[in-house]
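The form predicted alone is given below as one chain in structure tokens.
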Amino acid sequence: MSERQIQIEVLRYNPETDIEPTIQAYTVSCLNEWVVLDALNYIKDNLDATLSYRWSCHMAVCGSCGMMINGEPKLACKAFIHEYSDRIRVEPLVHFPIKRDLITDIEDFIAKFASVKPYLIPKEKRPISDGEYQQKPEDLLKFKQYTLCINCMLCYSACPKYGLVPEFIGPAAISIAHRYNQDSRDGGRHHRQEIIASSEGVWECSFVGACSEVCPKHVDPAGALQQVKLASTIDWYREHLMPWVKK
């Protein structure tokens, strides 16, 4: 197995001792099939046990190893060493406060995600004895793509609007709201619309499309946001110009 020496430059920051972040370089002999996460694990295990970062599955499923790799939001477990030169810079996701090294504070994302009620709200209460809520395959296809989100938050780091307007609910939260709004079993759209169609919601999106470009699961949040804009516009016309038309 071939290997080569790589210089991994890592942003380091300990709020208890550091005034501001610094960059620390490590020289690592990497196997060609390694991903950046493997290099970070090698540093943690063999060179510097104080290095802090998040990871769990190593399979692009948990979404926890999102970070900036050479200035791009990526999952460290999907960023293959052979795709880079002999110098790789690793930093925490931008637009989020740094807690320590590569670990960011994600409380803002969690609050915004929860605010859109990301769960099924049944149209009517039914006893368990009535069985499951059934759905046709064609109904599933309407929203299946948006169920693939792993909450990695890469789209938030790629979104220039979130960087400029922190109140913006953001692509992942609006996409998951759209997922449930499209679900034939759900009856909670009017609850979510109050959030996602507000001034801090979908109308802050300027359709740069960077969120979809960095999405590791091809969810296409940019497409979801434009569909929400269209649906919200139709709502407005129905309410103000055609009040006799039922939603």
Partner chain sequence: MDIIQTDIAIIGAGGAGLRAAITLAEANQKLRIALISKVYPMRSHTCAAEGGAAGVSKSDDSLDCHFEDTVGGGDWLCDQDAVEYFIKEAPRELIQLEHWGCPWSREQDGSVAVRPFGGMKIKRTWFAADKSGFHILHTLFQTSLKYPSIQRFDEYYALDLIEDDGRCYGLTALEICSGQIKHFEAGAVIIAAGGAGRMFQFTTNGAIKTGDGMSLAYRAGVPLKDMEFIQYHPTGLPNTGILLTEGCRGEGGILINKDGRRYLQDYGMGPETPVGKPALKTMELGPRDRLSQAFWHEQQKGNTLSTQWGDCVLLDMRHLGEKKINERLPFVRDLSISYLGMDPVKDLIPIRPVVHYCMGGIHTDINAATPLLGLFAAGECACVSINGANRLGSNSLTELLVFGRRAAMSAIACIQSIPRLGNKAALTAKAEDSQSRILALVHKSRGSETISGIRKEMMQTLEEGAGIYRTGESLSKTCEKIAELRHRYTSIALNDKTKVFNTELLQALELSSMLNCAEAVAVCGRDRKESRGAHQRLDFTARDDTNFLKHTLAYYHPKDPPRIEYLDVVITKSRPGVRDYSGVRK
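Here the structure is a predicted model, which is why all the values come from computation and not from measurement. Residue numbers count along the first chain shown, from 1.
Missing here is the form predicted in complex with the partner chain; even so, the following discussion is about that form.
Not displayed here, the partner chain is kept clear of Y84 by more than 4.5 Å at the level of heavy atoms in the predicted complex.
Heavy atoms of N181 never reach within 4.5 Å of the partner chain in the predicted complex, leaving it off the interface. The partner chain in the predicted complex is approached by I176, whose closest heavy atom lies within 4.5 angstroms of it. In the predicted complex, the partner chain sits beyond 4.5 Å of every heavy atom of N32. For the three marked residues, R4, I23 and V28, no heavy atom of any sits within 4.5 Å of the partner chain in the predicted complex. In the predicted complex, the residues of 38 to 64 lying within 4.5 Å of the partner chain by at least one heavy atom are, in order, K44, D45, A49, T50, L51, S52, Y53, R54, W55, S56, C57, H58, M59, A60, V61, C62, G63, S64.
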